[in-house]
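As a starting point, one isolated chain is supplied in structure tokens, in the form predicted on its own.
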Amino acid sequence: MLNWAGNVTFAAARVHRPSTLDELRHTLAGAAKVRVLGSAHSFNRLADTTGDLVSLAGLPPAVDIDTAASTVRVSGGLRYGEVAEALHAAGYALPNLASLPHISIAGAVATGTHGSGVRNGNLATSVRAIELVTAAGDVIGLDRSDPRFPGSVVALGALGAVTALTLDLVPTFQVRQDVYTGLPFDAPITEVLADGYSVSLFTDFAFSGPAAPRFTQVWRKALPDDPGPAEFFGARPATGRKHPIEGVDPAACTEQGGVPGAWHERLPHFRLAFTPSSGDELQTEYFVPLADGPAALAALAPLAARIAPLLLVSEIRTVAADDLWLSPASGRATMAFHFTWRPLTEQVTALLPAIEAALSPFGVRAHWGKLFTLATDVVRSGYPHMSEFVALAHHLDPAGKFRNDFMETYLTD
């Protein structure tokens, strides 16, 4: 069995797809080693195991809206795109979405996956409560009143199988999406990224030739009454629809050109009805404090000649600070540098230490579900609550049933 990108072959002895909660409890209680698999959109071995691999996609779907509390209880195995459609139809929304609506809710939350926007937290910040099945097969719930809660949301599957989450809702809203091209590379990127509800910058790191250096595209998502300027920090409106990767058919992308639409049809970059790519790619993402973002980008510039030949596209975006122990935005407003690579595992892996060294002065953190080579002590030192999280994991899973090689490397005292 392969992950979405095809770069990881899972080593699991058995794969389970329980159809009831009792079946899941029995499977977990009887396993010696187990990991829970979401949409397999992880590019490293975070979800791997030599024991039992469990998918939650077969559990009964639930989208239960509490209108009095403005919350929704959803099954962890559902995808964001599926839940978003139901929420919008009922007059509700989530504050933000990732670029892909195809990812599972439990998996995205567990890894601190995010969208963009200086005022928008990652997807886990909408979680009000979680329900999970522990290694012993017990069902427990944790909410914001529990002191363990900040360590239980972005938890990398270390605490158990998250079967349901309760999410905060806001009234449904509309968004317009405008794409600009030719943003100068010396533009004040912190200001650019703050000028909209959700803003993403794209570059190919092709810093040579008469048109370079520059950002190839800016995707600005805003409320309908905020049309944005005709010239955006020196960038001009795109002529026609765009895919983030220059030259790729934009049919899979959400509507552009300033046409207002429902939040769930504009905040993601890609449409639920389309597979955005074949998965024939690799991904890496690094996080630094927002204030250090321009200096971090300048530190990456000398590596452009090495990055560009391996790169499909790089995206720069922002994430608001939160208080979740293992969130990449924990305790600090964040700028994220995302790299979508050509499927050249050896070459990409060999380049990552140079990128990480360039970003190391800025307290770099890595996306838990993507490729990175940061040393164990560097990873651990980036999270002040790491020891508390490890203690929580040992308490709920004393035998280490949910631990794998990835966990033992980065999450063991």
Ligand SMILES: Cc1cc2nc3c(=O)[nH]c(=O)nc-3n(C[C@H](O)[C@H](O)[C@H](O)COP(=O)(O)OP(=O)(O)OC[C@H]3O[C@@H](n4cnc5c(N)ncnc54)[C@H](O)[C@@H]3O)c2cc1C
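So that there is no doubt, residue numbering starts at 1 and follows the sequence shown. The model shown is predicted, which means the values in this text are computed figures rather than measured ones.
What follows is about the form predicted together with the named molecule, which we do not show.
- In plain terms, the part of the chain that comes close to the named molecule in the model of the complex, with a heavy atom within 4.5 Å, is 97 to 105 out of 97 to 105, 174 to 182, 258 to 266, 143 to 151.
- Only one of the listed residues (216, 198, 314, 283) places a non-hydrogen atom within 4.5 angstroms of the named molecule in the model of the complex, and that residue is 283.
- Though the named molecule is absent from this view, in the model of the complex it lies within 4.5 Å of a heavy atom of just one residue from 254, 334, 125, 113, which is 113.
- The shortest heavy atom separation between residue 4 and the named molecule in the model of the complex is within 4.5 Å.
- Although the partner is absent here, residue 162 lies within 4.5 Å of the named molecule in the model of the complex, judged by heavy atoms.
- Contact annotation for residue 35: at least one heavy atom lies within 4.5 Å of the named molecule in the model of the complex.
- The named molecule is not shown here, but in the model of the complex it comes within 4.5 Å of a heavy atom of residue 43.
- Contact annotation for the candidate site: 39, 47 and 367 all lie close to the named molecule in the model of the complex (heavy atom within 4.5 Å).
- Contacts with the named molecule in the model of the complex, taken as any heavy atom within 4.5 Å, map to no residue of 389 to 413.
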